[in-house]
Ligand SMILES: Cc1ncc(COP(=O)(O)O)c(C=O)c1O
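For reference, the chain that follows is the form predicted alone, supplied as structure tokens.
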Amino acid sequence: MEHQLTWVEISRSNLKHNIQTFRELIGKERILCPAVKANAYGHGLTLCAPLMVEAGADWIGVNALFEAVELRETGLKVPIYIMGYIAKDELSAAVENGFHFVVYNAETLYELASITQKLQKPAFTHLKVETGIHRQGVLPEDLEEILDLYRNNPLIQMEGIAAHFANIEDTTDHSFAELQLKNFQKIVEKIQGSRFTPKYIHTANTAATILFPKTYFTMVRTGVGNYGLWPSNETYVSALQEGKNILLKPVMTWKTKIAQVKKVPSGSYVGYGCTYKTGHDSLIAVLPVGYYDGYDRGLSNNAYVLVHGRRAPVRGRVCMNMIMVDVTDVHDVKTEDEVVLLGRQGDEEVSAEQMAQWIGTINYEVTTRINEKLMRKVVP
């Protein structure tokens, strides 16, 4: 059962705008594969994926097999690309369902050799190569062994070659990204020179898609930008420096209701640990949301929410299922009034970037940590 007191609204029009923005950037001839991993960056896996396809996405990218299966079960027809590790005992399901998926070690390929022979079905693999991030990826010295495994097992199809950038978002100096790109191109040339003809060559995430058309190749894997969030301030600044006037529209609004309004005398403590003491007679509203729901404890005495279009500061510690906010200066507040935790209300806004700054993290973490049990619904 979904939690009804705290919920997330997904803007169909803003999501469509963002997907179409990336489509315009890359052109019709390339594949647009938006990522919906981590519950669509907290926005809702099964809500967002079909909306993205409706808006013009060609493929959908997930992290895990269970996400791919869940999307197939909803009736999604487009190709699904699994970007994370698939355990050996899950590989049969990946092959049987015809999913595209990343490989980067010999153990997986040996297992696939057996599975594809048994099923007499091809495995649609994308070889992830190491170019400098030292996360997933085949090391250059191991490449020949991997290519031999492909040669000896024709049912294991090398559908694609992929890589990922290590430092394209967090800097305005993109020399390391340029180095990675050169490394990638050399590896692609070597693989193609070994008589492999993968259809899908891809490296571009959101930042690369915005900043570097030469990274597009035949497919791009847009991520946080799909949801109207910039990967970083540096990406935004770099885009402005290059004269790129790109508008991304935030897709998520996170809301709750007021559960209680109470008058608290001057000199009273609010919440656990007595960390906040009122300096004057105050009106405090109790909200049914806390760190279990994803409202980070680091927001204690540090953030504000929006009530009637005005800022209401968080007072005291964020509890497991509740927070308290000061509504002294907000007029006509009553129980069950709508509260915006993240998003816009009237002329005010709490952005994911602002919330991330309050707790010392990034906008990605703010949205992805919103509890999956919270109701998510599509609004115009």
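The first residue of the shown sequence is 1; numbering continues from there. Predicted model only: the values in this text are computed from it and were never measured.
Beyond what is shown, the protein has a form predicted together with the named molecule; the following relates to that form.
The single contact residue among His164, Lys255, His174, His126, judged by any heavy atom lying within 4.5 Å of the named molecule in the predicted bound form, is His164.
Checking His280, Arg135, Lys263, Arg151 for any heavy atom within 4.5 Å of the named molecule in the predicted bound form turns up a single hit: Arg135.
Using a 4.5 Å cut-off to the named molecule in the predicted bound form, each of Glu169, Thr222 and Tyr364 places a heavy atom inside that distance. Interface residue remark: Lys37 is counted as part of the site for the named molecule in the predicted bound form, having a heavy atom within 4.5 Å.
At a distance threshold of 4.5 angstroms between non-hydrogen atoms, Leu211 is out of contact with the named molecule in the predicted bound form. Remark: Met83 counts among the residues lining the named molecule in the predicted bound form, judged by a heavy atom distance of 4.5 Å or less.
Not displayed here, the named molecule is kept clear of Thr131 by more than 4.5 Å at the level of heavy atoms in the predicted bound form.
Only one listed stretch (37 to 45, 316 to 324, 24 to 32, 334 to 342) carries heavy atoms within 4.5 Å of the named molecule in the predicted bound form, and that stretch is 37 to 45. Within 4.5 angstroms of the named molecule in the predicted bound form, the stretch 188 to 219 places a non-hydrogen atom from each of Asn205, Thr206, taken in sequence order.
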